[in-house]
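Here you get one chain, nothing else, as C-alpha cells; it is the form predicted on its own.
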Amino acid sequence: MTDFTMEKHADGVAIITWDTIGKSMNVMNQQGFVDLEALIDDALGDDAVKGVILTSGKDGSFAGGMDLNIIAKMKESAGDMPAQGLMDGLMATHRMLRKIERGGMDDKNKGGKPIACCLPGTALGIGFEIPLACHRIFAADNPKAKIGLPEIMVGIFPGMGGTTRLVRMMGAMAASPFLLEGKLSDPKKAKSAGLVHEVVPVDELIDAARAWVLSGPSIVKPWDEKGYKMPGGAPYHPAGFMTFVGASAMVNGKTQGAFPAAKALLSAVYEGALVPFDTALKIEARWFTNVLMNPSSAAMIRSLFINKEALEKGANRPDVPDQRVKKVGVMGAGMMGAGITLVSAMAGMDVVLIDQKQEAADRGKSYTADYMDKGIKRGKATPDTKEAALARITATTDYSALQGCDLIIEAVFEDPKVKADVTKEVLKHVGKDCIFATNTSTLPISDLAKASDKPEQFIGIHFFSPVEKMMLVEIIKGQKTGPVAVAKALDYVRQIRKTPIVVNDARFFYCNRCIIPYINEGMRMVAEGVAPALIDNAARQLGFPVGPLQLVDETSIDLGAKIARATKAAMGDDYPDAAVDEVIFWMEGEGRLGRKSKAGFYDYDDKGKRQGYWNGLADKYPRTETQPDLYEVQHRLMFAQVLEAVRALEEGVLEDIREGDVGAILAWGFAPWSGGPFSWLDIIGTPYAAERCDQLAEAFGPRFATPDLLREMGDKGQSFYTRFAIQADDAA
C-alpha cells in the first residue's frame, strides 16, 4: 500500500491524495517521496491530464511535516560519507519538487500543466514546502489550522526548498518571521501575509482548485521569468544590503551565536540571493547538510521532537485503564490556582475553585474571564468559547461542591500545616476513588501524603508559572504513590496539552534541584568579584533565556532566602551553600528583593524596566583585577546543573533520561541547542566531562566532584543515549 493515490477524472483533472497509513496526520517518509514523484511523472506524461490537484485524505490537516528518521537513513546510506548521503538525498528531493514547480514546461517556459495544492487544515514543514512548489495554494477556512515552517524551533531550518522559495516570494525581510522565528499562521493570516493564494470554505476546496486548474492559468513562477528581481532588493542592492545587515544583527542578538541553525539559514538566504534559483537550491542543501551534521541539530530533534512527543503520548504511563479527568477541584484561588483553573476549564473539564473567601474565589475565576477577553481581541477566542469556559467553573468557599470530583489539585500557601489541614478537609467530601494532587515546588510529597488516609492516591503535580504559558508539568511520585494516581496525573496533563515528566520524591524534585545550583553559582561568582555582566552574558551565550542573576531577580530574592533557610535547617552540617547565603541574605537585608521591589542585582525604573546592574554590588564585592575566562564561567554554570541531573539519575529521582532532557529545556530553558543536560554530556563526551569535573572540583570545590556514574561511563567511553537506550528507545 502507498500513502499517495491518484484518480484521473473525465474533465482532465488528476487528483493526488496524500493519506499516510496508520497516522492521524500525514507525515512524509522516504517511500512517500518516491511514490509522489511517480504519480507526478504519470500525470505530466498523460496527454489526457490537463492539470493536477494535490490534497490530503485527512480531515482538518494537510501534513504535519517530515518523519525525521529519514535524516538518519540518508546518513546511513552513504556509509563513511554521511554528509554526501544527506546532500544526495536533499538534491533528489529538490529535483522532485522542481519537477512539480516546472509542471512539465520546456526551457522556454512553454507547455506545462498547472498543479494546485489544497490544504484542508494544518500544513507544517515539508507539508508546506510541497505546496510552495505548486502553482497555487488553496487553504480551507479552518481557524484552527496552522500553516508555516517551524523547523527552526527544533534546531534545523526549512531545507527542502522552503527557505529559498519563501525569500523569493516575499523578500528576505518579510520572510524572516516565518523562517527565523518559525511563525505559524491561520489560513486568513497566511493569505494576508502572502503564504497562500486563496481561502475558501472546506467543502468548496476541491471545486475551487479544479476551476482554477481548468482555467488555463500561467504557471511560470516569478523567479523563472526573465528579469526577476527579489522583493526588497538582493544583497547587492542598497535596500537589500541593509536588510541583510539588519538580519545578521538580529540573529546574533537573539541567539548570541548559540544556535547554529539560525546562522546557517541566514547564510543560505544571503548566498542564495546572489545566484540563479537552481544554484540557490544547492546552496540551501549544503547549509542544511551542515546543520544536520552538527550534533546540536540531532540533539534538538531528539529532545524537542521525538522525546517530547513520546512523553506526551504516555511513554512512561502505568498500564491502567483510562483516567481522563471529568471534574477537578482546585484548592486555592491565588496565581497558581487561578492558572490551573483556566487551563482545566479550557480543556473542557468542570472545575470547582475553592478559597477561604468568596471574593478571592471570584477573583480567581475572573482570571479566566480576563484571559479569554484578551484571546477575543487577538482572534484566538470568541464570546461563546468564553461563556462556555466560565460556565464550567464554580467559584465557592463550600467544600461540599467537591462531590463528584475525580481529581483534586491543592495549590494553597506553601506551608505543610496549611496543606495538611486542607487535605484532611477535602477528603471528607470526595469519593473514595478521587486522586489528590498537591502543587508544590519544594515540599516533600511523601511527608505531605501523611495527611491522607490513602497515600497511594496522593501525588505531586508541580506547575510552573504562569501556568497557561509554561509547557512543562512535573509529576512527583511519593514513596507510596500508586499507579492509578500516576496515570490520572499523566492523563490530566495530556488533557491540558502540556508535556509531563514523572520523577520520584526527593528534595527539590528534579527541575528545582538543577536550577538552584545555576542561580547559586552565579551568586558565588559575584562574591568572588566576577563582573555581573560577564556572568549573565556567559549564560545567554550558552543559549539560556536569562542569566542567573537576572533569573533570581525575576523569581525574587526573598524567595531564594526562604528556600536557603529551609534547606539549611533540613540539611544541618551538610549544607553546602554558606557562600551563597552571604550574598542573598545581604541583598535581602538591603531591601533589594528583585524586580517586584524594583531593586535587586539590577536597578529598575518606575515601570519595572531593567536599567543596568546595581553599582552597590561592586562596592560590596569589588571586581577582581583579572576576570576569569568566558569558557570557565560557562563551564561552571553548565556543570553546576548537569551534575545535579546526573546525580538525580544516579539516585533514581529520574527514571528516564528523556524526561531529564525535555524537562530541563521546557522548565528553565536549559541551552536548547544542546538537547538538554544528558545530550550535552554526550556531545562533549563523558571522558572529557569527567576530566573537566576533576579540574573544576580542584579549583572551586567538591560541588563539582565527578559522580560515580559519570566516572564509570567516562572510563568506558559510554554515552547516555547508548547506555540508557532501553529507556530511550523511542528516541533512537
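Keep in mind the model is a prediction, meaning the values are calculated, not measured. From 1 onward, residues are counted along the sequence shown.
The following text describes the form predicted in complex with nicotinamide-adenine-dinucleotide (NAD), which does not appear among the structures shown.
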Item to check | in the predicted complex, the residue from Gly161, Gly155, Gly337, Gly560 that sits within 4.5 Å of nicotinamide-adenine-dinucleotide (NAD) by heavy atoms | outcome: Gly337
Checklist entry - Between the options Ser400, Thr382, Gln356, Ser192, which residue brings a heavy atom to within 4.5 Å of nicotinamide-adenine-dinucleotide (NAD) in the predicted complex? => result Gln356
Next on the checklist: Based on heavy atom distances of 4.5 Å or less, which listed stretch (101-109, 416-424, 645-653, 474-482) is in contact with nicotinamide-adenine-dinucleotide (NAD) in the predicted complex?
Outcome noted: 416-424
Checklist entry - At the 4.5 Å heavy atom threshold, is Thr440 in contact with nicotinamide-adenine-dinucleotide (NAD) in the predicted complex? => result yes
Checklist entry - Contact between Val351 and nicotinamide-adenine-dinucleotide (NAD) in the predicted complex at 4.5 Å, heavy atoms? => result no
Next on the checklist: Residue-level contact is defined here as any heavy atom of the residue lying within 4.5 Å of nicotinamide-adenine-dinucleotide (NAD) in the predicted complex; does Val412 satisfy this criterion?
Outcome noted: yes
Next on the checklist: Taking nicotinamide-adenine-dinucleotide (NAD) as it sits in the predicted complex, is Pro548 near enough to touch it, meaning that at least one heavy atom pair lies within 4.5 angstroms?
Outcome noted: no
Item to check | Heavy atom within 4.5 Å of nicotinamide-adenine-dinucleotide (NAD) in the predicted complex - qualifying residues of 457-483 | outcome: His462, Phe463, Ser465
